[in-house]
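The chain below stands alone, shown as structure tokens; this is the form predicted on its own.
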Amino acid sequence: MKPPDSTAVVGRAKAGDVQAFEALFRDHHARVYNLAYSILADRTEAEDVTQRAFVKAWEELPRLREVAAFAGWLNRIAANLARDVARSRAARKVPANHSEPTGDKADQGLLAEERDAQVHRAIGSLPEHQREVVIMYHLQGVPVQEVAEQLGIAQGTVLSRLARGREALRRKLAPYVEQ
């Protein structure tokens, strides 16, 4: 949940208060990174998109009409930037960057990283309306009511999209789940 004074912090940042924007960065960095990573399945690109999203948010913040909509607005900026990177990568046919450590622990880490990458690729392959609510609810921990408010849709629509997204993920990830 948002801190009760988050709209005040957004308002101060919108007025040019750098410290207020730094507080917003701290509060939203993990969510934005997780969103970018879920689309890109690449840690380096996700961090780059996260940084670019905050730079763009700072530049565009004076034009934000509803300070209460900051989180959703920031998510849309990050998602659009991540999709641009993914499209660019696809056009160049460049795979996601995965490092290859060595040794037994490294093998376990590599398996976990590959599993995480599969999950993020599966999430990234969902239709945008499902992906958005799955990311916000499951990866960012945003409550259903707040997801509905940020996206401007009914709570029932959020629940429906979550259910359909989960079912699609269940089908896509079935080969990776031990029965």
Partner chain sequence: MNAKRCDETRELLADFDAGLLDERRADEVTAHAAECEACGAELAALKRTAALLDATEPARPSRDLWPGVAQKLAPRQPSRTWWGIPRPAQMRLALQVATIVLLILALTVILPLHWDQGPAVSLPHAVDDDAALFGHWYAQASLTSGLGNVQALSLIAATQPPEAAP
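Take the two forms, superpose them, and find the largest set of C-alpha atoms that agree within 1.5 Å; that set is the rigid core. None of the values given here were measured: they were computed from a predicted structure. Positions refer to the first chain, counted from 1.
This next part talks about the form predicted in complex with the partner chain, which is not shown.
In the predicted complex, the partner chain sits within 4.5 Å of a heavy atom of Asp116. Interface membership of Gln150, defined by any non-hydrogen atom within 4.5 Å of the partner chain in the predicted complex, is ruled out.
In the predicted complex, no heavy atom of Phe70 sits within 4.5 Å of the partner chain. Among heavy atoms of Ala13, some come within 4.5 Å of the partner chain in the predicted complex. Contact residues in stretch 128-145 (any heavy atom within 4.5 Å of the partner chain, taken in the predicted complex) are Val134, His138, Leu139.
Superposed on the core, the two forms barely differ at Gly16: its CA moves less than 2 Å between the shown form and the other one. When two forms of a protein are overlaid on their rigid core, residues whose CA moves 2 Å or more are considered shifted, and Phe70 is not one of them between the shown form and the other one. In the core-superposed comparison between the shown form and the other one, the C-alpha atom of Leu139 has shifted by at least 2 angstroms.
The Cα-Cα distance between Ala69 and Ala154 is shortened by 3 Å or more in the predicted complex relative to the form shown here. Here's the thing about Gly141 and Arg76: their CA atoms end up at least 3 Å farther apart in the predicted complex than they are in this form.
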